[in-house]
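Just one chain follows, in the form predicted on its own, and it is written as structure tokens.
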Amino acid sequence: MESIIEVRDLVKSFRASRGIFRKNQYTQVVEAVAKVSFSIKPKEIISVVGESGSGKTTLGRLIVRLLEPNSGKILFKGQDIFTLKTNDMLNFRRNVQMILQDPYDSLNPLYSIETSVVQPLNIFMKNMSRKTKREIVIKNLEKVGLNPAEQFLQKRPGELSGGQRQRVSIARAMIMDPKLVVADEPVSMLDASLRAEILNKMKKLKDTNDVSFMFITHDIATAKFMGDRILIFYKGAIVEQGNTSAVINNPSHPYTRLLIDSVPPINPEKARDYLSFKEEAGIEDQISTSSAGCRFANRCPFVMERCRTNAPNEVDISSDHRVSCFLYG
């Protein structure tokens, strides 16, 4: 099956300043995305999971071409998105959408809900009648659970709850029937009671709209629930990837085990002591001037000497489960 998106050796770096009050004010290179390769198939949800600062959002913004890479390619239906001309670029924009973590980042507080949701139709379907556009807006609002939709059309984002605003963002992302939606932590700001409902709506949309999702999250439990496949992301690199069940049931990279063990246990007395080593990466750990060595070496309880000097290659654990770790070769 042909992939919708194919990412090949993608690299994105930034320069990070130490601040005006530090003695050494020189900048260092943060490699936010480091030679990342993967693909997304039709009607597939791929979860990208990692802690804050791991580069997940940067990866998502590269996929929708809000950022330009230092090197590497992203192919949309076989075409490099960073070389697309006007007409092909419009087709890409129509077919690849993004849902942000905070809907206030994408919804103009001065616009009515109808005005916000109809914007893609105004851009791509200029000859469509206003009546038809309104019917499509209503249909999409109802799809995400805003019923009756007519009651929401003239409201402003400030009149809605956080969950309702995020539903509006999802409706707008889906209104052009895209082939891929990048969802960046779409439920992290919602109450727990609303999260499952929003996630179930998104999974249903995958089937009803034949759309793929790249679902970005720091919560491995949510990643497990949503993803057909999963990418474990750490300091800009994929350390483990594969079928979600295969990765969750047989976590092979020490960082994957850390994420799974960080989920609060039902019985605290049975909690494993795996988290006794350094748990959270500080800013010095995030800053990297070289890609030499394993990125997890400073935090890994199983670190070997070669982990600090050489980057591990990907090793096949099974037909759809790969890990980058010297523990396996």
Partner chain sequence: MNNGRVDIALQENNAIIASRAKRVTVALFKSKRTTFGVAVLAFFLILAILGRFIAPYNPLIQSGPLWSPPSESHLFGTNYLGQDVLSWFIIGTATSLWVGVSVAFFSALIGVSVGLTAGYFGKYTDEVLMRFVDMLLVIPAFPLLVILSAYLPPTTNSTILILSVLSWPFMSRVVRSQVLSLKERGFVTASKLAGESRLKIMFKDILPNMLPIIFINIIYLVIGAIVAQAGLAFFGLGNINSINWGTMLYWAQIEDAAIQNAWWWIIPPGLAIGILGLGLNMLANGISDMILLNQGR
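Please read these numbers as outputs of a predicted model, since none were measured by experiment. Numbering follows the first chain given and starts at 1.
Unshown form predicted together with its partner chain; subsequent notes refer to it.
- Stretch 89-97 is the answer when you ask which of 89-97, 198-206, 219-227, 184-192 has residues with heavy atoms within 4.5 Å of its partner chain in the model of the complex.
- With the partner omitted from this view, the residue of Gln79, Asn249, Ser161, Asn108 that lies near its partner chain in the model of the complex is Asn108 [heavy atom within 4.5 Å].
- Taken together, the three residues Lys41, Arg257 and Ile260 lack any non-hydrogen atom within 4.5 angstroms of its partner chain in the model of the complex.
- Taking non-hydrogen atoms only, Asp210 never approaches its partner chain to within 4.5 angstroms in the model of the complex.
- Contact between Glu150 and its partner chain in the model of the complex is found at the 4.5 Å heavy atom cutoff.
- Mapping the unseen interface onto this chain, Leu84 falls outside it, with no heavy atom inside 4.5 Å of its partner chain in the model of the complex.
- Its partner chain is not shown here, but in the model of the complex it comes within 4.5 Å of a heavy atom of Arg134.
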